[in-house]
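For reference, the chain that follows is the form predicted alone, supplied as structure tokens.
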């Protein structure tokens, strides 16, 4: 990776506007987290209104993932064509409509359709929000600011658990789904007042608007150095428009492998089995009441939020690779312990809490590694002209893998038992560690243009 020493440093920008833009954009992550996490409590009560087989429940849980995969793949291209900001406003509207459809569902089919619509919003946000934040953030703070997206996801999941617990006594699953309208409205209104990405404007020939928007974001008129880097990056990329086929060029193929590899490993290591099915897992481990299982799940959600904040604090200090490798190693160990807890005969209360603690440490390990770092890296490592489309492709692989894991989890539990199921996820975590060690580069402190040039360098070497 090229060093920063040759680059002239511009005066420190006023960060207030950057923080506001990143926080409002990250509300797309909060909706992402809420709509994926809320099903974990709602699923306990759906059977009171609908006749559900195991497969039907898996489809309701996973319908959101089918929509997300389609939204991520479609949204990346739409964001490149029409702009990040416009697409995120549309995304907020989709979130609101999907939440209302789920809350008003009178049949299983309508509920599934509502979940797919919500998933479409999740896919659009996952493919666009990290790119938007990365393009308005300065290089020295981009890590933690893009990680606001992951923090918002964890806050959304925790909020979903709290709402689930609040309405568990009245089995109010419709309220659980419907309250997503509130953050959707805030998200949409916030994006109306935020600027378009200066890099997107520049890539589409709107140089004067890009300069004015960059000056507004940075809080200073001295943006010549950064604008020059952006324009030179566009010129090196040989034009503003790109195609996904560009990723198969020899110089960019490694970036494609990193993005898709991390996308798949983030899911096949089992994180969303915990997010979606935590109450069912906890009940099967020995905590029988629905409220008690949801409360224990909320504790897992708190750990997820707190450790994501820790990751945000460390990510621009320690770098991406150390956190990624350390966290995945923790996931390997805790998946082994979680499988062992279910393997031990004659489950007692102590063993039930061993399972809960293992899940908490597993989530903590994920929250400092594959959770935020995947979304950060795929917003950093691709060239500007195909950045959003490429991130959308990686996000689509992520959601496709999520769909596969979610559709098979309950079936695997029935066929293999919890011990072998969690050990299988542990084996995938070992593979994820090896992949990350040999394939994932360090991007800390580099501008997006420097990272793009790194992939094109013939002397490129992965740091060890």
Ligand code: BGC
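Residue numbers count along the first chain shown, from 1. Every value quoted in this text rests on a predicted model; they were computed, and no experiment measured them.
Omitted here: the form predicted together with this ligand. The next part is about that form.
**Student:** Among 104-112, 202-210, 371-379, 182-190, which stretch has residues whose heavy atoms lie within 4.5 Å of this ligand in the predicted bound form?
**Tutor:** Only one stretch qualifies here: 371-379.
**Student:** Whether residue 366 contacts this ligand in the predicted bound form should be assessed with a 4.5 Å heavy atom distance threshold; does it?
**Tutor:** Yes, residue 366 lies within 4.5 Å of this ligand in the predicted bound form.
**Student:** Is residue 358 near this ligand? Define near as a heavy atom within 4.5 Å, in the predicted bound form.
**Tutor:** No, no contact at 4.5 Å.
**Student:** Just to confirm, residue 91 within 4.5 Å of this ligand in the predicted bound form by heavy atoms?
**Tutor:** Judged by the heavy-atom cut-off of 4.5 Å, residue 91 is well away from this ligand in the predicted bound form.
**Student:** Does any part of residue 153 reach within 4.5 Å of this ligand in the predicted bound form? Heavy atoms only, please.
**Tutor:** Yes, residue 153 is a contact residue.
**Student:** I need to confirm a contact call. Of 176, 157, 79, 131, which residue comes within 4.5 Å of this ligand in the predicted bound form, counting heavy atoms only?
**Tutor:** Only one listed residue qualifies here, and that residue is 157.
**Student:** Using heavy atoms only and a 4.5 Å cut-off, determine which of 334, 266, 389, 137 is in contact with this ligand in the predicted bound form.
**Tutor:** When this ligand is considered in the predicted bound form, the option within 4.5 Å is 266.
**Student:** So in the predicted bound form, are 272, 304 and 398 all sitting within 4.5 Å of this ligand, heavy atoms only?
**Tutor:** Yes, the whole candidate spot contacts this ligand.
**Student:** At a 4.5 angstroms cut-off on non-hydrogen atoms, which residues of 96-118 are near this ligand in the predicted bound form? List them in order.
**Tutor:** Result: empty, none.
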